[in-house]
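Next up: just one chain, as structure tokens, the form predicted on its own.
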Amino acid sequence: MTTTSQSAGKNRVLTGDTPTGRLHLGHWVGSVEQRVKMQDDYDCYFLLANMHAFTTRADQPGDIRQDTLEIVKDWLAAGIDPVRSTIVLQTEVPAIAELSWYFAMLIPFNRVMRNPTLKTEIETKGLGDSYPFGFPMYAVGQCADILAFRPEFVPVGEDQVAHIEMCREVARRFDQLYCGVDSHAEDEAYEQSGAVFPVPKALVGKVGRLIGTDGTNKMSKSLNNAVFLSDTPKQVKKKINAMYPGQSREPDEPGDPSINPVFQYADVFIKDEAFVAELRERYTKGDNLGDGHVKAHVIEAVNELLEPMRARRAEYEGPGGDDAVIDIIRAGTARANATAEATLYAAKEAMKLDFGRRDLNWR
């Protein structure tokens, strides 16, 4: 059985974001930068997981809709090209919802609840026992988000690796149960063994966990410690200048860069590695290098990164900007549905459910 994990000789990539607000520097270094770089060499699908946003914000449909548009603007600003890549709106791909149902039969409930990412979200969002049934279900749905497009790679942040591992388990279980793939087969041999679903691999960005401007927690909108890709130069300066350097010291006193979160930003965003090494050495020695001096270099580097993004985003901020974004979403989702429907039919063939094919005249 052939799969669609390759297009025009390119291996496929699938990743995306849940619309919870604008993207920040943590998203950039964790996944978005990698997505931008992969567009020429891979068949890229980028998913707007707006259905998943309803698991905790079902009473805020208007906000979810606007956040969905804002994320697309951030993607376009960051360098995602809707011609080279396919932008997918989750709620308009019915194959995802149907595959979620089938996959839910293949994975025990207690396995879903052992997912460390899910457990962490329940704790950090203070959901207690009040979360809807759909909240753990979204972890299964995320498997369908990915496998509907049969990718080889899934670029993610470090905290999402557990989700990808569960997706890999679901792919193996389906292929073994319905396609006769040997349970001892190597992951790379699944497609050659007649599998519907390849076993995807997680690709973690160069920084798995970027510290937020509070200097302690991972960067997050909900913790109010984020530098957004759409922030103005003044906002970037204010946020980074407010970061606690992990210690109290004078410029001529020795410091410890390893406990100063600003140095993580220096390592990540300042392009000149030799210059960063010099800053680190001077800081350690107490060679008349204050924390404000280091921050100034970081601010300059971050604004240099964001300036072209601000310019590209401005194209979609004025009158007609949202309509242009919606047109991009529609065009990408139409292409995505062709891929996802082919996957769904292949899965239904394997499950002996191939009683007919539907025509999605989506527009």
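In this text the structure is predicted, and so the values were computed from the model without any measurement. Numbering starts at 1 and runs along the sequence shown.
Omitted here: the form predicted together with tryptophan. The next part is about that form.
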> Going by heavy atoms within 4.5 Å, which of 104-112, 142-150, 235-243, 171-179 lines up against tryptophan in the predicted complex?
Replying inline: 142-150
> Considering F263, Y138, F228, F269, which brings a non-hydrogen atom within 4.5 Å of tryptophan in the predicted complex?
Replying inline: Y138
> So which of C44, L47, V32, A336 gets a non-hydrogen atom within 4.5 Å of tryptophan in the predicted complex?
Replying inline: L47
>> Residue-level contact is defined here as any heavy atom of the residue lying within 4.5 Å of tryptophan in the predicted complex; does V156 satisfy this criterion?
In response: yes
> How about D17: is it within 4.5 Å of tryptophan in the predicted complex, going by heavy atoms?
Replying inline: yes
> Taking 4.5 angstroms as the cut-off for heavy atoms, does S100 touch tryptophan in the predicted complex?
Replying inline: no
>> I'd like to check something about S85: if you look in the predicted complex, is any of its heavy atoms closer than or equal to 4.5 Å to a heavy atom of tryptophan?
In response: no
